[in-house]
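Given next, in structure tokens, is a single chain: the form predicted on its own.
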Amino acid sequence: MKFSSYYNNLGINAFAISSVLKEARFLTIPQIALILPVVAHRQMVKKLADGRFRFVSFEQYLIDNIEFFYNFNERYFASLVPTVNALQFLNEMGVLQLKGGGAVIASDLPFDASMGKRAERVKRASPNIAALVSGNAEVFYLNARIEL
């Protein structure tokens, strides 16, 4: 197994989903499925974690950062199984509850500096990732060219 295989592991995936879900309060399953393809893209997370960045709308973000979406469809399908695994893990740990076609946070998954710099960036980016995926999922799927 290559070192890069550890980059997107269950721990960082579960932490990312719980952090974004905490900011959004409620996300549907199609919206949750958009979190890990965003988190898997280093430049997207870096920009969304930048304290000077202000999220306006998904459309504006897409126009300003179209290069971040060139392989979004591949990242989306590569993230489906890890998303389901992380949701199941978080549900069994009692961190989230699945209801109403989506999920809500049941208890906080706290951040600790020992989780690493990537987790810190994901934590800082979480409010903007939540804003990015909280809109109309159909518009996101269409504009990100996710082929269903």
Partner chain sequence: MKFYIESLHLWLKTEQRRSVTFLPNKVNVITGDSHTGKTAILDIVDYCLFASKHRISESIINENVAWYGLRIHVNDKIYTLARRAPAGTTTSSDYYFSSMGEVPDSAPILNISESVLKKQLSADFGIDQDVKIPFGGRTLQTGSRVSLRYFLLFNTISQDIITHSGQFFDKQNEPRYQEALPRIFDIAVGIDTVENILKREKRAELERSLARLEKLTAKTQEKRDQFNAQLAETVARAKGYGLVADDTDADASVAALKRMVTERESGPDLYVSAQYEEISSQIYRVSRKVRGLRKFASEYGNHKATLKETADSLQPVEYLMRNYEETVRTSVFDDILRNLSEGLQQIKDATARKTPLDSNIAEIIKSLESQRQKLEKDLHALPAEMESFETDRDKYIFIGETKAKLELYGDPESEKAADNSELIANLEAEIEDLAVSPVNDRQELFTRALDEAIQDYISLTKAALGNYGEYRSAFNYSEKKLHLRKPRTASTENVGSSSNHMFLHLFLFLGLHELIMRNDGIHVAPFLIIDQFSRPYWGEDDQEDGEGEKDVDQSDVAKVKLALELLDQFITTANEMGKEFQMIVFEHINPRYWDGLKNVHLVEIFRDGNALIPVSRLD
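This one's a predicted model, so the numbers in the text were calculated from it and none came from an experiment. Numbering follows the first chain given and starts at 1.
Absent from the display: the form predicted together with its partner chain. The rest refers to it.
Check your understanding: Out of Met115, Val104, Met93, Leu62, which one falls within 4.5 Å of its partner chain in the predicted bound form, going by heavy atoms?
Key -> The option sitting close enough to the partner is Leu62.
Exercise for review: Spell out, yes or no, whether the shortest heavy atom distance between Asn9 and its partner chain in the predicted bound form is within 4.5 Å.
Suggested key: Because no heavy atom of Asn9 falls inside 4.5 Å of its partner chain in the predicted bound form, the answer is no.
Check your understanding: According to a 4.5 angstroms non-hydrogen atom cut-off, is Phe69 in contact with its partner chain in the predicted bound form?
Key -> Phe69: yes, in contact with its partner chain in the predicted bound form.
**Study point:** Contact flag, Ala40 vs its partner chain in the predicted bound form, heavy atom cut 4.5 Å
**Key:** Contact check for Ala40: no, nothing within 4.5 Å of its partner chain in the predicted bound form.
Exercise for review: Verify the contact flag for Leu87: yes if a non-hydrogen atom of it lies within 4.5 Å of a non-hydrogen atom of its partner chain in the predicted bound form, no if not.
Suggested key: Yes, Leu87 lies within 4.5 Å of its partner chain in the predicted bound form.
Review point. In the predicted bound form, do Leu80, Val139 and Ala144 all put a heavy atom within 4.5 Å of its partner chain?
Key: The answer is yes: all three residues contact the partner (heavy atom, 4.5 Å cut-off).
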